[in-house]
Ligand SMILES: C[S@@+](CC[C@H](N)C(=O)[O-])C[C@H]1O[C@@H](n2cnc3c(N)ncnc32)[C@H](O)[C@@H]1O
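Just one chain is shown here, as structure tokens, and it is the form predicted on its own.
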């Protein structure tokens, strides 16, 4: 059977499954353009107010976009996506599992498996979203009171569970690209009650099968004791929590440094610790941008930007996180700024991720000069903005504009 026939057969089966309402799920993967942010498209059949439709989830590196199309338009979009964007299609129907693989030379291979256990299509729009953290028999989620004894998410903890899954979803692409594959150590600076610390340890150990040692650093001793007790119950032997501060706690070599919602300049202390440790991955979700707001002194054409209090605070947050991201770039990190989670769940929704690389687009001094220009623009033009200090970024991470 030739390639054209295989492709035609696949789309004939797809149309038949859609027409007969037997489609369970179709996934388009294997992106043709490796520079594209679109990782995959997930298609399911749904019944909504306007009728029977195809639901598309466009999965990008940092977000999902969902759209509904009528069946014919959806089939046309799938055909174009397979022609231009993806090499692979995997289709699950009521009685069959069909795969289509298009090789780089243009040849297409099709494989059909008759399913002994029939998958039943569900046409409701409110499906259970794919989760990277499983609730079944999950001891730490139960101990943290996110789930009940049956593994069901407690109604009042729904937002927290979404935050945990979004966190792992955002980090997953970076974690799979780590050069450290056999074992690693991550430190969570300011781990709090440990929701995200436990989830990251779980994902690294059980999903990625990496031998993981982890340290949660938390100043409140009662939370340290609670988290160590939960880690013991969950049999997370490589996870421990210790009492200490972000700035002063002594740590062994760190491959991944995490600092989520560290207040004021604690985020800068964490960035400094990560760079000093030569961590391969640094992840921060900043909070309470206080110091830079006091230092803003705009006397040029941008003075109106800081005229109103609430807008001044927001501008200070933006400038602070821009400089943090640029500092990471200056010290050899490919940096991205992401939406951590929707503003519906928390106003502190920015995440800065830096991945160590030796392929810099700009040299260090140029980036530091760019930071200096930003400080002059929003600070005191006559201020001493010297970059000479004993530790490489310790003072710069304090982000003082004067």
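Remember, predicted model here, so these are calculated numbers, not experimental data. Positions refer to the first chain, counted from 1.
Omitted from view is the form predicted together with this ligand, to which the following refers.
| request: Heavy atoms, 4.5 Å, this ligand in the predicted complex: which of 91 to 99, 328 to 336, 199 to 207, 240 to 248 makes the cut? Say which one. | output: Correct option: 240 to 248.
| said: Whether 22, 25 and 53 jointly form a contact site for this ligand in the predicted complex is the question; each needs a heavy atom within 4.5 Å. | reply: No: no residue has a heavy atom within 4.5 Å of the partner.
| query | Does this ligand get within 4.5 angstroms of any non-hydrogen atom of residue 153 in the predicted complex? | reply | No, no contact at 4.5 Å.
| message | Can you tell me if residue 316 lies within 4.5 angstroms of this ligand in the predicted complex, counting non-hydrogen atoms only? | response | No, residue 316 sits far enough from this ligand in the predicted complex that none of its heavy atoms falls within 4.5 Å.
| task | Answer yes if any heavy atom of residue 260 is within 4.5 Å of a heavy atom of this ligand in the predicted complex; otherwise answer no. | result | It does: once this ligand is placed as it appears in the predicted complex, residue 260 has a heavy atom within 4.5 Å of it.
| task | Check whether residue 190 has any heavy atom within 4.5 Å of a heavy atom of this ligand in the predicted complex, and answer yes or no. | result | It does: once this ligand is placed as it appears in the predicted complex, residue 190 has a heavy atom within 4.5 Å of it.
| said: Under a 4.5 angstroms heavy atom criterion, identify the one residue in 108, 266, 132, 296 near this ligand in the predicted complex. | reply: When this ligand is considered in the predicted complex, the option within 4.5 Å is 266.
| request: Quick one: from 230, 223, 77, 157, grab the residue that has a heavy atom within 4.5 Å of this ligand in the predicted complex. | output: For this set of options, the contacting one is 223.
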